[in-house]
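The chain that follows stands alone, in the form predicted on its own, written as structure tokens.
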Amino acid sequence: MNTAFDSTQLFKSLSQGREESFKALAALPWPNFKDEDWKYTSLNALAQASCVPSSKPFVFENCQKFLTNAPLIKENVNPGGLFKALNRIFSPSCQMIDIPPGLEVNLPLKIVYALNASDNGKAFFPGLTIRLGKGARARILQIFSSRNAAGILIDDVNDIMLEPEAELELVQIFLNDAQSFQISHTHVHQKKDSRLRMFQYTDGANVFRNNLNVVLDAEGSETVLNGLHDLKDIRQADSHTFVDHVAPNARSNQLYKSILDGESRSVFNGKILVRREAQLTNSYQLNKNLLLSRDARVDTKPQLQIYADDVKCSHGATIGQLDDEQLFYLQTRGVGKDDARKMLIRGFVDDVINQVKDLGLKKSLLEAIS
């Protein structure tokens, strides 16, 4: 029998003083392993968490002239899911980055959500909308940094709209404390001939869940999604991607990788839906995992659901360890064991890290991984 949300400690701590707003959520089932979307990730620790609702603004760099306030889209509770509905309760409006049609933004736009030890035990519900007008181009870096904030919950929603011929390069970095919780939602809607190139990095948390949904709603649209789970100790990360090919002659490409050490755990659940009208679709998906410890665990589930008959689609997943012969070969060439190990790990992540164009950020990521 499923546990209802109102029987959890999290519900009690969040709903105090907001009982009327929480009525619609009270009887919703709390996700557990019987729910296919949460089959591999336990939320028991989050259910028992006491988090006091709080707020903290984003810090924007190079964004000021593009900022405005925007009402969030009112949605029914069930289609958005429990955690998105929670975000809507606490964030009735959000800040929007609105890039005018035809404008090419040369400087990278940076958005930082930073928490520290003074935020321990609090819950945050940030919302952000990004819209690129017709033919606009921009690079955006979004960073969630909470490595020194224990026992917190971040439940964020990011809505992105790309008008025809718009091009967006988006990098999302999630840096969490090992005892924190983050449920992140990013929704992208693409129109004709728009381009999205995206990279996501996380070092995990007690519970880290990344929901990424992309709708290719017009011909010529293209999306490239790349991600890296860099997990140590007992950290966990769960990425769910859903690419919805609605229109014909569109392209998508996904590459998600995981490096796991200690007793860490990675989950990847990627779904590609090709609707009947989406003829001439090209869509590819690959999940590759590198285990550095016998105690680490990976659950991977790439999926294809195709209703069109003139398409090129493929998916796959691999799980492996460092190659002992390659390690031995490097050591015979005078490379120390630790350095040889780092070189092989670097080789594993190079293709996905190279999607990051910012050289300073790329260097920082490679240093963190090695």
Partner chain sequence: MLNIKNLYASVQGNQILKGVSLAVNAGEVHAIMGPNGSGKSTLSRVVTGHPQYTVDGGVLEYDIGGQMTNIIGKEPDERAREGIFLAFQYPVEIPGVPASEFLRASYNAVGRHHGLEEMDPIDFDVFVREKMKVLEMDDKYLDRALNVDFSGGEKKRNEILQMAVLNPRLALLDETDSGLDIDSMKIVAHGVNTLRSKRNAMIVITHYQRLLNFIKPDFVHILYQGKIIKSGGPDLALKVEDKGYDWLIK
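Predicted, not measured: the structure shown is a model, and the values here were computed from it. Numbering follows the first chain given and starts at 1.
Not on display, but discussed next: the form predicted in complex with the partner chain.
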(message) Using a 4.5 angstroms cut-off on non-hydrogen atoms, would Val311 count as touching the partner chain in the predicted bound form?
(response) no
(message) Residue-level question: is Gly336 within 4.5 Å of the partner chain in the predicted bound form, judged on heavy atoms?
(response) yes
(request) Classify Gln331 as contacting or not contacting the partner chain in the predicted bound form by the rule of any non-hydrogen atom within 4.5 angstroms, answering yes or no. (result) yes
(message) Please determine whether Leu344 contacts the partner chain in the predicted bound form, using a 4.5 Å cut-off between heavy atoms.
(response) yes
(message) Given a 4.5 Å cut-off on heavy atoms, tell me which of 336 to 344, 301 to 309, 53 to 61, 33 to 41 is the interface stretch with the partner chain in the predicted bound form.
(response) 336 to 344
(message) Looking at Gln326, Thr68, Gln321, Gln48 here, can you tell me which has any non-hydrogen atom within 4.5 angstroms of the partner chain in the predicted bound form?
(response) Gln326
